[in-house]
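First comes one chain, alone, set out as structure tokens in the form predicted on its own.
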Amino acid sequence: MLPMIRMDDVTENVSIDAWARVFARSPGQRNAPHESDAELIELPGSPDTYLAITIDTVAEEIRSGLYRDPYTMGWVAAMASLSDLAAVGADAMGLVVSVAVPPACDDTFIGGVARGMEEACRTLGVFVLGGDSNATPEISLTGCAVGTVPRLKVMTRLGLEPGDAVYLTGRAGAGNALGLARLTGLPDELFPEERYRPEARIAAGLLLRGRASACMDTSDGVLTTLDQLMRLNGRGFEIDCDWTRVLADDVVELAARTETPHWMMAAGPHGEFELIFGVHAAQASGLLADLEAEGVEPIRLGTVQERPALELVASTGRRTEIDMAPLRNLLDVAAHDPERYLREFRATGRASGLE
């Protein structure tokens, strides 16, 4: 039996709360801390619309060597905040950026970052609206995305009910595959960095709003996303853990070639920008048909259950309850020592019931 599930079992949640409790909350803000991927604010003079605004920084990923290609850096810096808009079903208005790079960075590097940002935005039909540049000792790239959401169709991380079906908008694992390749020093050809080009699911988010019971993006990995939704909603999940159905083919291939358990590609902290969403049974068929017409092929992960536990169901029928908190907290314990991190990640995963 798992202990009581709490938000403050996770170090990152505690850190966010430490900041948030100092700031006065706007009376026009729709969401409380942790409740949605983007902040939802009343717009004066627009009683039917919320402003959706969010911000993300890519710095640690660059400093740790996870991203080496300036194009990847720019692409992810743009897509990360646009993905937060997707998770609240926002119509994206655009992106402002803050770029901080060392003076030694040449035009080739800066051009690569800029092209990554530009092509990410144009892929989704939005624009970089402006921003700020600075000279700093280390590279730090920030994107702030803005959009709007109809109030009657607002979508947050809250609202899951027992019996809801749970879906993923696309196959996952590329983020953790890249992380594995970097941490273990694999040859680049086993998982080239250019395979990691996750796209924010803006179009899917527009179809989900007003219809999904809750939604969150998978930027921190599939199992972390499910764990956070569980803690917020006080509801659990029964999840089909046939990882070969959930993970992208090249991720499954990398796991086989490196003798890495599939669960690590779903449990690691470096995800993509797919959406995990719940949907009530009465609305499922129509929503799925609309998503498929948009080119999205949702993967059914499982079902929401009353008891707040994350339960994985293997193809053999074996059921395992897992506690993701120890895995999520490892980033604050061993992330600066790659060998120790991988070793403890495997051991902690197995101790938590993952195989």
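Just so it is clear, the structure is predicted and the values come from calculations on it, not from any experiment. The numbering used is simple: start at 1 and walk along the sequence shown.
One more form of this protein, predicted together with a further copy of the same chain, exists but is not displayed; see below.
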Open item on the list: Taking a heavy atom within 4.5 Å as contact, would all three of T184, P308 and L330 count as contacting a further copy of the same chain in the predicted bound form?
Closed with: no
Open item on the list: in the predicted bound form, is there a heavy atom of a further copy of the same chain that lies within 4.5 Å of any heavy atom of E118, even though the partner is absent here?
Closed with: yes
- [ ] Check whether G130 has any heavy atom within 4.5 Å of a heavy atom of a further copy of the same chain in the predicted bound form, and answer yes or no.
- [x] yes
Open item on the list: Would you classify D323 as touching a further copy of the same chain in the predicted bound form, given a 4.5 Å non-hydrogen atom cut-off?
Closed with: no
Task: Any non-hydrogen atom of P137 within 4.5 angstroms of a further copy of the same chain in the predicted bound form - done: yes
Open item on the list: Heavy atoms within 4.5 Å of a further copy of the same chain in the predicted bound form: which stretch in 236 to 244, 201 to 209, 279 to 287, 140 to 148 meets that?
Closed with: 140 to 148
- [ ] Just give me the single entry in E35, D69, E60, E297 that has a non-hydrogen atom within 4.5 angstroms of a further copy of the same chain in the predicted bound form.
- [x] E60
Open item on the list: If you apply a 4.5 angstroms heavy atom cut-off, which residues in 15 to 30 are near a further copy of the same chain in the predicted bound form?
Closed with: S15, W19, V22, F23, A24, R25, S26, P27, Q29
